[in-house]
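Only one chain comes next, encoded as C-alpha cells, the form predicted alone.
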C-alpha cells in the first residue's frame, strides 16, 4: 500500500512533477535491450555489483545535456560485446506534459543525436528546456580531495538547472581559449585575431564566474538552513575573476581579464596554458558546525556535505522553477547511518522528486517500501520487483 502523505503530495504537485515514465535502451553498455515502464514515484534498483544498475542511471543522465554521469565518450557507451550506435528513448513527464526524447550515437556524425517529440533537435542543449538532472556517484566521493576541474563541473551542472545558457557560455569560452592557445603555440602574433579571442574570453568568462558566484551564494543560504542530521555547508565560488566581481562591476572585471590575457601572451605561449580565467576557479565547501574545510573532514562527513548540497539545489529548483530535478543517487545510502537514510528519503518524499537510487542491499531501502517502485537488476536485465 502506498504512503498516503506521498500520494497527497504527488497529487498536489502533479502538474509540476518531472519524471521518467518509460525508457528503452538499445546497445547501451551491458544492455542489448532493456525496458523501463513506471510512474512518477522514486525508483529503487537493487542487485549485485556489476549487474548494470549504474548503467541504467547513466542512460537517464543522457536525457539532459552533457556527457552523462560518467563523462564518457560517445563510442565508449556502445554495448561491450560489439554493439554499435547505442540509443536511449524515453517518455518524460515535464510540467505535466509528456515529452518523447530520443538520443544516442549515429556513425554519420561525431555529435550526440537528439530528437524531441520525433523531430531532430538543433543540439543537445535543447534538452535543458525539458529535463534537469543532478547526480551523485561513488566516484564523486573524492570531489573535495581531487582537482578543481571536477568541482567546477559539479557547480556548473547545478547552474544548468536554472540557466541553460550557462553551457553555451562555457563552450564559447573554452573554444576561444583553445584557439588562442593554438595561435600562441604556433608563434603567430596576430594581434587582431588574438584580441578578438580575448574579447570573447573576457565577456564569456566574467559571465561564467558571475553565474558560479551567484549560484554558490544561493546554495550557501539554502544549506545554512540545515536538513536534519545533514551538516550545514558553507559554500563559495573562488578565483581571481570572482574576487574582481566582489570588488566592482562586471564591466570592470571584463576589462581587467582582457588586459591580463593580453599581458600574459608570452607566458602562456611558453607554458602552453592560460594562466588566468574562470577555468582556474574552484568551488569551496566548509562544514559550518566544525568550521572546517570539506577536504579536512572525514569521508562520511564529505558524503553528507555533498548530499546536503544536492538536496539544497533540489529545494531551490522546486521553489524557484516550480519543479525539482531528477536525482540520480548511485550507491549513496550504503554509507549513511539509519538517521541520515530516513532524512534523505523524507526529503525525497517532501519534494515530490523522482529519485533513482541504487544499492546491493534492498533492506537499506525499507523506509521507501510504501511509496517507491522497486526493480531488480541482474545479468543486464531489469525486472519489476514485487
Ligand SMILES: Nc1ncnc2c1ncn2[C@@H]1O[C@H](COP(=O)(O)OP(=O)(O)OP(=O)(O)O)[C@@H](O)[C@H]1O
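The structure presented is a predicted model; accordingly, all values stated were derived computationally and were not measured. Residue numbers count along the first chain shown, from 1.
There is also a form predicted in complex with the named molecule; it is not shown, and the following applies to it.
**Q** Tell me the stretch among 318-326, 334-342, 43-51, 347-355 that has any heavy atom within 4.5 angstroms of the named molecule in the predicted bound form.
**A** Checking each option against the 4.5 Å cut-off leaves 43-51.
**Q** Taking heavy atoms and a 4.5 Å cut-off, does residue 213 contact the named molecule in the predicted bound form?
**A** Heavy-atom contact with the named molecule at 4.5 Å: absent for residue 213.
**Q** Does residue 70 make contact with the named molecule in the predicted bound form, using a 4.5 Å heavy atom cut-off?
**A** Answer yes; at least one heavy atom of residue 70 falls within 4.5 Å of the named molecule in the predicted bound form.
**Q** Would residue 76 show up as a contact with the named molecule in the predicted bound form if we use heavy atoms at 4.5 Å?
**A** The answer is yes: residue 76 has a heavy atom within 4.5 Å of the named molecule.
**Q** Please check if residue 80 has a heavy atom lying within 4.5 Å of any heavy atom of the named molecule in the predicted bound form.
**A** Yes, residue 80 is a contact residue.
**Q** Heavy atoms within 4.5 Å of the named molecule in the predicted bound form is the criterion; list the residues of 342-375 that meet it.
**A** Residue within 4.5 Å: 360, and no other.
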